[in-house]
Structures are given as C-alpha cells and as structure tokens.
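Just one chain follows, in the form predicted on its own, and it is written as structure tokens.
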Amino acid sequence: MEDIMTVVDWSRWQFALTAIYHWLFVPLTLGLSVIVAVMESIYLKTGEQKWLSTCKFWMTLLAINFAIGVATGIILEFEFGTNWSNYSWFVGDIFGAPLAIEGILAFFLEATFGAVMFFGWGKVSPKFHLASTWLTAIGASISALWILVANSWMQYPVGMEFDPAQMRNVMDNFWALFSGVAVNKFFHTVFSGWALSGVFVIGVSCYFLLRKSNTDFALRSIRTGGWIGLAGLLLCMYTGDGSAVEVTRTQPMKLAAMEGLYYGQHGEDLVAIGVVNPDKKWDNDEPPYLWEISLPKGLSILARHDLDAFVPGINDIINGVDYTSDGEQINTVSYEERIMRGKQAQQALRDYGMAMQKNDSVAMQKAADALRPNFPYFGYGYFSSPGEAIPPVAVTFYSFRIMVMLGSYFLLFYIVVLFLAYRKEMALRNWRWLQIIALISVPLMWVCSEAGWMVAEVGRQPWTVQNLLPTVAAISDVPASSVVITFWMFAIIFTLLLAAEVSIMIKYINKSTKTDLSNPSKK
C-alpha cells in the first residue's frame, strides 16, 4: 500500500508539473493570436506599413511561444496513458472523444493555417494571409474548447452511463458534455488568455519606452493590446461569476474549500483576506482562521446571487445538511452514507463480474440492479473516512485570493495605462516608474493565471472524476521509481524549454530595440 501511495503522489506531482508548465504557454497563444489578427486587420484596412511591422514583431513572439506550448501539450496528453491508465480505461470512451476531435479538427486548423501565417508573407494574397491569421487564432480557441470540455467533464461527469459488462463508462449523450460548467470554463479560460496577453504586450512595449526606442510602435501596441486585454479581463470576471454559481451547484465541497468554510449559514460572509488555521480539521473544534477580514454576505451573493442564501460548509456537506431557497432544511446524502453506498456499488460490480464468468444471467441482473442506484457514489467506496474526500483547504483558499486580488489589480492597471495612452501620452513615454511597474506586472499576470488553475484542479481533489474515481484508483501499475525518474527528467526538460523561450524572446526584443519597427524596409 505504501508503494501504491508513492506512485499516486508522484504521478500527481508529475501531472501537476506538466500542467503548470504547459499553462505558461497556452494563455499567451490564445490571446496574442487575437491581438496579432487585429493588428493585421488594421494593416489591411489602412495599408500603413507601420502596422505591418508591428504585426510581424508580435507574430514572431507568438511563433516562439506556440512551438514550446505544443511540445509540453503533447507530453501532457501522453501522461493519461502512461501514469493514469486505470482512468483512461474507466472513462476513455467519454474523455477520449473531445481530445480526438481537438487533434483532428482544431490542431489541423492551427498547424495548417499557422504555417501560412508564419511563413506565407508575400507567397499568398494579403486577404488570404489575414484569413489564415484569424483561422489560426480561432483554431487555438477551438483547441481550448475541446480540451476544456474534457476537463469540465472530469469536474462534472454527465452524458454517460456505466456498462458493467465492460467495467467502464460509455457515452450516451455527446451534447451533454457542453454543460454549464464546460461553457463557463471555456469562455473564462479564453478570456483570461486575452487579459494575460494584453499585459504581456503592454509590459514588452514599456520596455521599448524605457529604452527610448520605437516609442510610436510601443504606443500603438499598448493601445491595441490594452483594449483587447481589458475586454478579456472584464469578460473573464463575468464568466468567473458564472463559474462560481456552477461550482456551488456541482462541486459544493470545492467552494467550501475555497472559502475555508466549515459551517455555513444564511447570508454567509466572504473572506476578503485572511490566514487559515493549519490546525483546523473537519473533526475538531479549532477556529478556521487565525485572522480574517470579511465582506458581509459576500459569499451568498457570489455563490447564489442572493443576499440571504445558505451556503454549506465542509462539515455541512459531510453531514448532508443543506437548505432550500425558502430556508427549509433538507437532508442530502451524508459522506458516511456515500462511503457505504460506494462500497455497496463496488461489491455489486464484483458480483456482476463473477456472475458473468459463470454465465449466470439471473445473478448478473440482480447485481446490475444493486449497482445502478449506488453507482453515483462509486468513488466514495475507496475512502475509509469522510476526511479523505476533502480538498487541500489552505492551497485552494490562498490560490483563490491570489487570483481575485491580482485580477482586481490588473483591472486598475488596464484603466490607468489606457487613460495615459490616450490622454497623457507624454507621461506614459516618460514615467519610468510606471514602465517598470508594467514590466513587473508581466510575471504577476502569470501568477494570477496559474492561481486560477490551482483553484480549479486542487479544489476538486482527491478526484480525477468527481464522485466516481479518486486518484488512488486511477493510476497505472508502474514502479514508483519510474515515475520519480520521469518527474525529474520532465522538470529539467521543461525548465530548459522555458529558459530557451525566455532567452530567445529577450534576444529578439533587444535586437528589435535597435531597429526601426515603423519601417519594415529598414529592418
């Protein structure tokens, strides 16, 4: 058992490592491809060479980022088969479908039209080149759509039924995969890429202003990236609100962990900032926070858009306590009962398998009848205590607040930068402290983006598929040493890839500060 847990822990760390590195590149591709497409559209409309040069500069940075992102993404998908083969068997019919579509359709768009976009200047007509640029941007978003549909299904499994004869889940409603969870997650993710890319464009442009180089180019880029980034941030906040409502409905334990909430109430406050108590557990009487500052009734508004709504805490969910919209207490299925019914479901599945070996159709039907009503709690049968089904509270709590606080900062950042770009242009050109803040804001935006993913993924632990398959049951039968070795191999490779990307970008940017980006003929 100890070796199994070692494999589980290292497999989780390896997947987290790959996902974190991959997510460094994805949002920049999603947003920068749109910014480049807008710039090329302006060039085609105006015919001004300065816009062509501006477009080509950012397109080069996009190409560098795109190449590294593809490399990490391929490794991420392979890990489902190498490290999580039980997961792939259990839900492969459902999870594999959107990934297959992503590879056939979306990646085809990106690869085909991306090649035209990067290498087709002067070889195809300007209109066809512009169409290729837009199709590359659209392809990147479509690629994100299918991957996020698959991820959302893991968070909220719908559109399938369990076939005991195959011992696996099979899809019975493809369109159910486009749930409210999936739709909100897709738009939230894509718009967050716009917001991140806008900050990236502003930060790099301010580096040009610091160097007193290509200032007109920098201001053009700031205005274009600023508007797209601000639009992305506002839309990201809107879809984030929708995601909070969906999490409340489908993953209440994740919401409780995000808030560090153990016992809920009507008109629940939202902790704006605080420190969780490391000694607090679901089965002790320690206070949940060492200190906190709360917004009155904020969590009820966030979760249910109702000032007086009841929001259940960790212990409420464990005990099966909730309230209707009218304030009447209702009893949901407690975790003790879920564990019991999960074990019953697993036993019924074993009975079905034994009956199938004996070709006993009567016993098979009896086992199937016992399995069906308990299958929604199948995954809980792997737990011995309710505490095993609680996400890491501290990581989820702090990640959520980092995301929200940095998101609020970037809203102010965009407003100030755009105001100065149009009303106080000389201030933006000359205020070195503001230019330095813009540069510092670039890595902070990635911190904000990664924090959002940590909320989504750490907050659903210990599940690979919510309620159906915990991580302990999803792993491959591989030696722990193999996972440890590949973890460190990937850590070294990914770090080198990241260092290579940053180094190449910095060299290209520094080289560009010594050229005239308003006149392509002088490059």
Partner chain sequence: MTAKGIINMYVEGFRSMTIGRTLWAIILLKLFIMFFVLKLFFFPNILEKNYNTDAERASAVRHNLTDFE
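Residue numbers count along the first chain shown, from 1. Only a predicted model underlies this, so the values are computations on that prediction, with no experimental measurement involved.
Below, we refer to the form predicted in complex with the partner chain, which is not included among the displayed structures.
- All of F119, F490 and L497 within 4.5 Å of the partner chain in the predicted bound form, heavy atom check: Yes, the whole candidate spot contacts the partner chain.
- Message: Taking 4.5 angstroms as the heavy atom distance cut-off, pick the stretch from 408-416, 92-100, 162-170, 189-197 that is near the partner chain in the predicted bound form.
- Response: The contacting stretch is 162-170.
- Contact between V484 and the partner chain in the predicted bound form at 4.5 Å, heavy atoms? Looking in the predicted bound form, residue contacts with the partner chain do not include V484, since no heavy atom lies within 4.5 Å.
- Query: Taking 4.5 angstroms as the cut-off for heavy atoms, does L469 touch the partner chain in the predicted bound form?
  - Reply: It does: once the partner chain is placed as it appears in the predicted bound form, L469 has a heavy atom within 4.5 Å of it.
- Task: Determine whether any heavy atom of K123 comes within 4.5 Å of a heavy atom of the partner chain in the predicted bound form, and answer yes or no.
- Result: Yes, K123 is a contact residue.
- Task: Classify A111 as contacting or not contacting the partner chain in the predicted bound form by the rule of any non-hydrogen atom within 4.5 angstroms, answering yes or no.
- Result: A111 belongs to the contact set for the partner chain.
- Item | Contact assignment for the partner chain in the predicted bound form, among A480, V38, A473, A456, heavy atom within 4.5 Å | That would be A473.
- Query: Which one of I273, I436, A394, A71 is close to the partner chain in the predicted bound form, taking close to mean a heavy atom within 4.5 Å?
  - Reply: Contact with the partner chain in the predicted bound form is made by A71 alone.
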